[in-house]
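Below, in structure tokens: the form predicted alone, a single chain.
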């Protein structure tokens, strides 16, 4: 399998798993507007995953559904950050912002790469992800300005920072540090990234949920 396919599946798996995690807030978010916002964001993420799976499938001689649902757990390339089951609100917002910030950095790198097809998908994703970042940063500003929200956000960011670093390759991590520190106006701790060489236990449970319908009707189920 080529490194290009590895890259495409890494992006696709992140988007699919995070899309599912974001969808878990539908109907139970703390505000009605956030039910709608997170549902819309989840839909976008899963749409991005599908486009990427279809690109990979053409080269692998398979289809998007098979790549999304039929691989064994150890073949998924998702970052542990996106695999964590629904977190409480401050941690959800922290993950949302950290992921979108990291994702913007890698999409910018892909748009500048010498791969027109992948650069085109990255550009389209980037235009749609702008709204995700606006939403995330709105919430970061809101929590930072709150006497109750700020300590909860700070605790969440400290917990998830190693996970956020693990979303990106080593050469892109310094830019994530720069952007996060600029937004928070403070220095982030030097920590060991939690990378893609391990999966959270929640991923196995999630894959069971995601593939339940497909496993019950493998010849006819479509996503």
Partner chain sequence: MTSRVFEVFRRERAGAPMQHAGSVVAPDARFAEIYAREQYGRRGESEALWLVPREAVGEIDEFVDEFDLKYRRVDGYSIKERLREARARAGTSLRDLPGGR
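Positions refer to the first chain, counted from 1. Small disclaimer: the values here were computed from a predicted structure and weren't measured.
As for the form predicted together with the partner chain, it is not shown, yet the points below apply to it.
- Task: Report the residue, out of 59, 33, 170, 185, that has at least one non-hydrogen atom within 4.5 angstroms of the partner chain in the predicted bound form.
- Result: Exactly one listed residue reaches within 4.5 Å, namely 33.
- Query: Candidate spot 131, 138 and 141, all three in 4.5 Å heavy atom range of the partner chain in the predicted bound form?
  - Reply: Every listed residue reaches the partner chain in the predicted bound form, so yes.
- Query: For the chain seen here without its partner, which of 192 to 200, 25 to 33, 49 to 57, 171 to 179 has a heavy atom within 4.5 Å of the partner chain in the predicted bound form?
  - Reply: Flagged stretch: 25 to 33.
- Task: Would you check, heavy atoms only and a 4.5 Å threshold, whether residue 67 touches the partner chain in the predicted bound form?
- Result: Heavy-atom contact with the partner chain at 4.5 Å: absent for residue 67.
- Message: Although the partner isn't part of this model, could you tell me whether residue 37 comes within 4.5 Å of the partner chain in the predicted bound form, counting any heavy atom of the residue?
- Response: Contact with the partner chain, yes.
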